[in-house]
Structure formats: structure tokens, C-alpha cells
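Before any questions on how it binds or moves, here is one chain, the form predicted alone, in C-alpha cells.
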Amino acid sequence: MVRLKSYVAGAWFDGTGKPAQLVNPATEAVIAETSAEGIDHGAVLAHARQAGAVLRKQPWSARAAMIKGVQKLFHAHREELLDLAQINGGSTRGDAKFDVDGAIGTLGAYAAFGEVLATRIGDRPWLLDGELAQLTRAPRFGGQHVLLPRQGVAVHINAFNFPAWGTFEKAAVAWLAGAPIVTKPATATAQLTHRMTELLVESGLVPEGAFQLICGSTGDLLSRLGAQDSLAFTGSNATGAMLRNTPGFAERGVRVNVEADSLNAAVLGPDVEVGSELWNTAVRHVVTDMTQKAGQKCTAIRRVMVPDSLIAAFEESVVEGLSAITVGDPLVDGVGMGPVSTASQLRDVLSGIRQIAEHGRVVTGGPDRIDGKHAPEGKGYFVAPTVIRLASAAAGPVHDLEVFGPSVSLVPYDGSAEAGSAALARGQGSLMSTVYGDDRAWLGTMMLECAPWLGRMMLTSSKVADQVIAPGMVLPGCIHGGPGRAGGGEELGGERGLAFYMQRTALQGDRVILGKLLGIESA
């Protein structure tokens, strides 16, 4: 039996008490166990604060080089990491690449951002925000907004679906901003994060204390956070709300970023022709988001708004695309979709499908567990890719209930931008959504009406249909987050991501002195 330990206060710690078990979701075989009971979280935070002082003294170039080294380390062990992603996460090899390569790629991107900063501003530890401004009639009295590293600890709580990418996209940003990290992966899929931590510790690339791992419960860790600390959470809206209400957070001003549930949408314009390249791109995006990671992506398309005149043809095209997907043991060649990750996830997905299907018609799939191909009979958390066609945009809980699995709902609308944007907005905030069409007036109205509800919006027209990325792919140069039920947070976004771990301060005084202190030549 593999025993996963936490790495805290400079040592590996094996928790006491009854351990939690990790299973292979395709076979339900137990593959590891872990417990974090008994960790001294006061010592964990003290250890991190010491590391933070070291990180903050490093110039941008040194932090960038450190992150680049971590990227190369994981790339050198990529095959081993892909194998673990398949066994513990139920991922196909393609899904495993999506997670592991996402981590490696984001680390590389933030190393590059750090190199650019080092070239642009040298060793100064602050970032300028805007220009030095005259504040009153007195010509020498001015103000300059700056961003400086906060002197606390970054606590990261990550979701089960991306144990590599979710962990190290947060780590890359925090490290570049000079913040030490305490990370807590979802226990059910923690084996991959645990192995990456082992590699990190063995390498010596990161200052001791700048990355600590808790495998299991966080205990009283969060109640110990203070005014300079931050919490970045990815997971359900309910858990995010609970974390925001952690006793003491409001009083002490702990900074919190939440990336939560998201009823992402795709809206097909009335001018999209059946069988066109733009049509095929939309179909491909829906099929990919349904089946990649078994639909367990926070950015996956959940609702597709289709004009009344096109919905029958679109339904047929999606079902045809899904017919090529084999559901089964992801370790077997030819399998295109594996199981969902946990038994509780299976129950939630099937329940959600059942609730939405009460208000429409199941086109393919359904609310029952299935046997996966090449998997033991009666074992594994397998769900058939499910398409539900609703009677109207107002039917049932489709705009309120996220089915975090391989399910999508087709929602009819009249084709107008007003109706399409209104249907999208009923999701009350999404991480991302995509619109498909060439009519600029329609696209313009959709942009104006939909963007306030979205963290990211992709406008896909015929000219770029063969160039756009899949909507579910998160790139480090754009923000990841969204308003409302999506959590109200922001991650990544290039240099924008650093702001969460830094303090924006308005410095006021003699413009000449401020200019010299901050290296502003024009002051």
C-alpha cells in the first residue's frame, strides 16, 4: 500500500488516525492512503514565513530561473507523471497530457513573464501601476500607485480534476510574486501532486519552506491565517462560500480568491450554416468539452443555446460526434473517455442528469451508471456522454444546476442576440462562454450583453474557426475566473495574476523624491 505523506516544516509527515483511501476510478481498487492528522499548522506557517523573506529578496531574474528549473524538472519526469494521472485520476493519456502539460506550460510561461520583468525593471521589487500624477495645485506634490509583495503565506486549496495544472499554475504565479506556498490538493487524486512534490523536494530548486504539501484535512490551518496571508480556492460554490466565512477572515482581512461552479455556455448564431466549418467547429468544441476529462472541467460547455430552426440538425451532429467515443478503462488504447473521479462524483453527476432530464428529452446517454469497456464488470465510475434537449430556455434547473461530468443541455432560442444573451446571463456568472457567428451586429450585441457575466469570452467567426483553441483550454496570458456563481475571482492573466499576492499602495509625496525612489526617469 502506498502511503502519501505531507511535506511540512522541512520534513515528511505521516499523519495519525484513520487514513483516507485513494482509488483507481476505473476499477475501484485502492491504490494509496493518506492522513494529515497531527500536523502543527502553526509551525507550517512559521516555516513558510521564513521562506517568504528569502523569496522576496530574490530579484525577478532569480525567481524566473527557479520557475524555469521546476518546469524542466517536471518535463524530465513527464512520462511517470502521465502514468500517475491515468491511474489515480481516471484520465485517458490525452486527458493526462492536458493536466500535466498544462502545469509544465504554465510554469514555462511565468518563467518567461519573469524574464521580461527582469529586463524591463531590473532588480527593483515593485511594479508601477499607472503613472506618477500631480495631485493638487502644488506642482511637486504627487502620487504613484505601486505593487509590492505582501509579507504573508499563500494557501492553495485545489480541486480533484487537475492535480498537476491546478497546483502549479497557482504556484507559478505566487512564486514569481515572492509568496511562499502551502498547497492542499483534493485527497481523492492527490497521488500526482504528491509525486511532483517529492521531485521538487529532491531537486532543491525551491527555497526550503517555499512549497509545503498537506495531503488530507487542513485542520486549523485556515483559522491561523492573518492580514498578510491569502487563500486561493478552486472547487464548489458552496465550499467557496464556507471558506469565505471562515472565522476571523473578515476581521483580519485575509485575501481570498475563489474559482467555483460555472454554467459555461455556447451560443450558436442564426447565420451559422449546417455543415460549414464554423458549424463543425462548434460541434467539435461541444463533443470535446463533454468527453475530455469526462466533462470534469470547470471551463466545460454545459449549456448550448441553438436557434429553433437549427437545433434538430445540431443535435444530430453532436450525437454523431459522440458515437466515435469509447468509454472505458483509460489505460487501454482506443478508449476516448474514462470514468469520473470518485464515487460521490458519480452520484452527483447521475443525480444532476436526472433532474435536468425531467424537463426535456434525453437524446443519448442517461442517468444510470454504465460498465466501461475493458473495466471489471460492475466496477468503475462510468457515465455515458449525455445530451439532453430542453423544451425551452425556461425549462427546469438547466441555468442553476451544474452537472460536473459528461453532460450537455441543448437549449432552444429564437436566434436573436437579445434572447441568446438573456439565456446565457441566467447562469448568473461563468468562467467562460463562446459565441459562434459572422453577423457583426449580432456578435456586437452578444459581446456587450454577455461579457459582464463572463471571465473569458470567445467570439468565433468563420475566418478563425480553424485557428481558435478549444473553449475549455486555459492559457496563462488571459485571466481565469469569473463573476457571480463562478466565484468572483481572477487567476493568471500574465502579470495581472501577480496582483493577488501583492499590495497596491498609493505613495504620496514630493514628486522628485518619489521619482528617484521608484526609478521613474520622467519625474
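Start at 1 with the first residue shown and count on from there. Keep in mind it's a predicted model, so treat the numbers as computed, not measured.
One more form of this protein should be noted, the form predicted together with a small molecule, which is absent from this view; the next part is about it.
Of the candidate stretches 108-116, 171-179, 226-234, 144-152, only 226-234 has residues with heavy atoms within 4.5 Å of the small molecule in the predicted bound form. Taking the partner from the other structure, the small molecule in the predicted bound form has no heavy atom within 4.5 Å of any heavy atom of residue 89.
Using a 4.5 Å cutoff between non-hydrogen atoms, residue 416 does not count as a contact of the small molecule in the predicted bound form.
Interface residue remark: residue 194 is not counted as part of the site for the small molecule in the predicted bound form, having no heavy atom within 4.5 Å. By the criterion of a heavy atom within 4.5 Å, residue 357 is excluded from the residues contacting the small molecule in the predicted bound form. This chain lacks the partner; the member of 161, 167, 212, 434 within 4.5 angstroms of the small molecule in the predicted bound form by a non-hydrogen atom is 161.
Taking 322, 337, 260, 424 one by one, only a single residue has any non-hydrogen atom within 4.5 Å of the small molecule in the predicted bound form, and it is 260.
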